[in-house]
Every structure is written in C-alpha cells, then in structure tokens.
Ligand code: ADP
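In structure tokens, one chain follows: the form predicted on its own.
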C-alpha cells in the first residue's frame, strides 16, 4: 500500500507539488495524469526518495526512506538508467544480489514476456531505447516488489511490448500489488485503472474511480483540466 500525506516540494518560491495527499490500496491500479509541468515526475521522484520534500510517504506502512520500504518498492523511471558496459543478464544479477531475491523462474518469465530472452548477452550500450525501457522494467520487477511506480512506462515500446506490459501490470494487480502509473497519454492506460488522479499546477484537481461510467479517460481528463 502507498500512502501520501500533504506532500509539498518547492524549488525556491515555486511549488512543484502543493499539499498532495492520496493512497493506493493493495491489488489496485491508480493512474496519475496531468499535462507536462503538472508535477507528476516530481511526485514520483519523491515517492522513490530521490528528492527532499515536506510531508509523509509510507510504503507498506514504512517511511519511504527506510530500508524496509525500499525493499518493497519497484520504480521504473521515465528515462532508463542503464549501465553501458553491463550485459542484460548482469543488470538483473546486480539487482538480485542487491535485494537478496533470486527467483530465476520469475525473471525468465519477465524476459520472455518482454521479448528479451535472446538479448541477455547484449551490453547496455547496444540496446535500443525500447530495449533499455524493457530492461528497466525487468530490473524493477525482479525483486518482486509489492508497491510499483511506473513513470511513463509505455513510451518507446512497440505495440507487442505494450500489450505484454499491460498484461504484466494486470497480473501484478491480481497478485495484490499496489500500482501507480504516471502518464500524460490517456489512451495508453485506457481500461487499465481503478482510480485516476488528475494533477495540474502541483495539485490533485480530482480523484475518480472506475465507476465514472461510460466517459473515456481522455474525455474525463479534459473535462477536469479545462474546466473554467
């Protein structure tokens, strides 16, 4: 479970995130939507303990900077952080050793689902942007985290990989994980969410669950962000 209470992140006098509170229950998918500059990435980086902020962030009831919380969190950044001179296999082994989780069956399934099984000997610098994104996802999920944060996860992926990743996300939900997906592309997560949080100018304008009815996520987004 992910809980955020009154989160504020300022750069000088500018508040990139302004008093945001939200929670994501186990076994659910929440989508964070907003235009560029809304504060989504700042919020995501705060959850991942990459920024200093005011407020409280709990992962499975533990402060997000604690070792226990970090073991429970899987973070997939918008820009993959890949080592040029490590192979795909070595990236995964590094994560397994760091977390002390060695579930080769799980990893092999991730490699197969994202069509990376035959890329295990390739160096990071030899991978395309899409392959780097796939590797980033595999590394984040290799330790079997219970709370997972995706920042624009579908950018750079081919249609087949997008389909496979969506199936993986739904499987994680079925396994009881709490999932947050940040995006500015409504069509990329249509039909994939339980709750959507619409963000603009550092604030959550509205949170809506899937009972919104027949309105598409795109229509819902514009009805809220463009309301006068």
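Numbering follows the first chain given and starts at 1. If you're wondering where the values come from, they're calculated on a predicted model, not measured in any experiment.
One more form of this protein should be noted, the form predicted together with the ligand, which is absent from this view; the next part is about it.
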Among 176, 37, 191, 159, which has at least one heavy atom within 4.5 Å of the ligand in the predicted bound form?
-> 37
Find the only residue in 204, 24, 16, 217 having a heavy atom within 4.5 Å of the ligand in the predicted bound form.
-> 16
Within 4.5 Å of the ligand in the predicted bound form by heavy atoms, the stretch out of 53 to 61, 168 to 176, 66 to 74, 40 to 48 is 40 to 48
